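Coming up is one lone chain in structure tokens, specifically the form predicted alone.
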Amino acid sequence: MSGRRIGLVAAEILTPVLLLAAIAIWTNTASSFYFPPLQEIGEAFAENWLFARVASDVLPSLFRLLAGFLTAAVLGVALGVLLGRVAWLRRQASPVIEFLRAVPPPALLPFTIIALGVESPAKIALIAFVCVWPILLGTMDGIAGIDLTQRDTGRSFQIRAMRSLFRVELPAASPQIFAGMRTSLPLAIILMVISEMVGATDGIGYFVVQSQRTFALPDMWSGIILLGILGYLLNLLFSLIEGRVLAWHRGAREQTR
């Protein structure tokens, strides 16, 4: 490992450590009811999430998040391919798509509660509805923007439509598809928390809001910290998958440079 790489890794580790040290010093000296000492938050974190509430709150939240995100990915890619291939259908659907994706997600909560109830399917549906639009738009733009030379080359070799889709079009559009999925991932986390704060009986969002209502602020902060950790780990996992799937794309870009 080069000296520059070591320095970058050390900086990535040092910055959070210094930030935690500053927060610990400030919370210990501020004596604020709303910002309890970091030590109390750490104790609450260990008591709640290592591992007392993993089965009761963490796993249900992760299930809803992943189910909603994967549903959005499947629907977004499928519809994006269809709209990207058919120009007239894309023009007809664009106003509807722009209208639906402009609806604020919290405004949909009353409807999902009335129509689907307060169980997990309602929360999964809400997450999927909000996350589908970036993936759909990314897929649609990627498919529609494929170079005509690539399409003509496939036709000249008499490649069938389905084979062309999986061997030519989807690989060519995969950078835009993954860009849309990366945009949707934090939205899935946000919607998971919002949906669990209203009409829920379990989940991390439910735990956070219940702790706030009972003024158990160390517990509340421990839940917020857990959400940050989960978001970081999910983003890291997604980056690893994206790097593996799009390795060919980065290699082609480097050769072009």
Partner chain sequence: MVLAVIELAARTELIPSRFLPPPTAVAVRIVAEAAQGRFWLAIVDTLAGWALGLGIAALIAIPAGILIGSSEFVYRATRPIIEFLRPVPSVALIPLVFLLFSPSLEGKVFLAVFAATWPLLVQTQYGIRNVLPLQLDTARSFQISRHRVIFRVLLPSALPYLATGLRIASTVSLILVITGEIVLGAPGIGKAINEAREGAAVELMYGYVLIAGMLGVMLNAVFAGVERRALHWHASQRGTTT
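Numbering follows the first chain given and starts at 1. Everything numeric in this text was worked out from a predicted model, so none of it was measured. Take the two forms, find the largest set of C-alpha atoms that superpose within 1.5 Å, and that set is the rigid core.
Keep in mind the form predicted in complex with its partner chain is missing from the figure; the text below concerns it.
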{"query": "Distance check, residue 193 to its partner chain in the predicted complex, heavy atom within 4.5 Å", "finding": "yes"}
{"query": "Contact test in the predicted complex: residue 49 vs its partner chain, heavy atoms, 4.5 Å", "finding": "no"}
{"query": "Its partner chain contact in the predicted complex: residue 212, any heavy atom under 4.5 Å", "finding": "yes"}
{"query": "Heavy atom of residue 145 within 4.5 Å of its partner chain in the predicted complex", "finding": "no"}
{"query": "Selected contact from 200, 58, 38, 208, since only one has a non-hydrogen atom within 4.5 angstroms of its partner chain in the predicted complex", "finding": "208"}
{"query": "Partner contacts in the predicted complex for 225-242 (non-hydrogen atom within 4.5 angstroms of its partner chain)", "finding": "227, 228, 229, 231, 232, 235"}
{"query": "After fitting the core, residue 89 CA displacement of 2 Å or more between this form and the one not shown", "finding": "no"}
